[in-house]
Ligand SMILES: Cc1ncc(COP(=O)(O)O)c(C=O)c1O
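Starting off, we have a lone chain in the form predicted alone, written out as structure tokens.
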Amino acid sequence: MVKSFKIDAATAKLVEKSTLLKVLNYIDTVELKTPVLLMDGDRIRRSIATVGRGIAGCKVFYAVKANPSVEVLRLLAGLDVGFEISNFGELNVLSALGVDPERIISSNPVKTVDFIKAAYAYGVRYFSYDSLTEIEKMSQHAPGSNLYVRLAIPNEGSEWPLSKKFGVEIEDALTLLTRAKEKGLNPLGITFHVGSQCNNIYNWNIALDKARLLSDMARDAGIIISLINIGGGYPIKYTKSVLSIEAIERHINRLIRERFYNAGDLGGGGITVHLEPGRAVVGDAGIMVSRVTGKAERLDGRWLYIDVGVFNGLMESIGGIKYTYVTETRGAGGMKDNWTLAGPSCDSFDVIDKNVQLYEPEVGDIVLILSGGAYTISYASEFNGCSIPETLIV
């Protein structure tokens, strides 16, 4: 039976029409087992062709943690893109796909010794760090590797801040660069992260100002910085419009030229830029497809229960990410109503969102969760026996 969905004009602006049509056609042509994550392969290819294009000297490394499904990684392995990894599991999937080690970097500043050994044995030679302990580990188990030190950067304006756990200030970073050189490593770079889903374009100003100052101080200490790794952070549309990739990259490219060109780094063959997009590659290429499992009237209003929730796919909903939902309506009319949306587990923590405006569906109807391609599968668990959504390329 052909399914019916009401998609208003505001919602239509949040998703690429071709992606939505692919998903709707797929739903109408197969017997669908939910929850399932449907990924638009053509959209992923277009994203890879776009990110990094506006920054001179830029090499792109997909952040595998954003969506580590083998289906997505197999598609990306056939494209002109590198990979950023953090651990054994990600390395194992890429090695099984035959990805050349020269296409792989690791920007986890604190790595296990076993992972360092495995990555080094595989041929990975670029690693991030932000502590003296990591230098000791790297000098013992990955001698001669290329290192880039992580600076601490404010994450204001980012919906998923990443500034607390990693990164050091400039003076400490200089110490780490000099110590790494003394240990026989090759400290050639600086990295930072402005925060995931960043809508504050000036975070890049602060980051590159600090990188320039550190680069100057490193030069005075006899260390030449030839790599700036700008991490990720590009936002996608969840419930509203965001900064475009083109606008962000024009801004970043101008900042790099202004801050490094006069130092003789850029334009003289000195500076390479590494970019680690994750959400911007897969986020809006995916639509999570779920089904309604129940409805209830509570003291605080109407509740709608679906078969994907906080534990098995929508973990980011508890950290500030809000999704846009489209419900199957079976051709019914009516107005949108206010709902609390909850997942399938018995845990009361499994509440996805509140005050969600939705057309009322029936039990068994489909609920589409737009821009569900990033940090859904990677966070998912089988807590309480709930299934992890399968990933399919459409």
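Residue indices: 1-based, along the sequence shown. Computed from a predicted structure; not experimentally measured.
FYI, the form predicted together with the named molecule isn't displayed, but the following is about it.
Screening 312, 197, 290, 215 for any heavy atom within 4.5 Å of the named molecule in the model of the complex leaves a single hit, 197. When you look in the model of the complex, the only residue of 63, 368, 60, 341 with a non-hydrogen atom within 4.5 Å of the named molecule is 63. None of 88-96, 174-182, 302-310, 275-283 except one has non-hydrogen atoms within 4.5 angstroms of the named molecule in the model of the complex; the exception is 275-283. Of the heavy atoms in residue 150, some are within 4.5 Å of the named molecule in the model of the complex. Within this chain, residue 232 lines the site of the named molecule in the model of the complex, having a heavy atom no more than 4.5 Å away.
The named molecule is not shown here, and in the model of the complex it never comes within 4.5 Å of any heavy atom of residue 111.
Shown here without the named molecule, the chain has only 84 in 77-100 lying with a heavy atom within 4.5 Å of that partner in the model of the complex.
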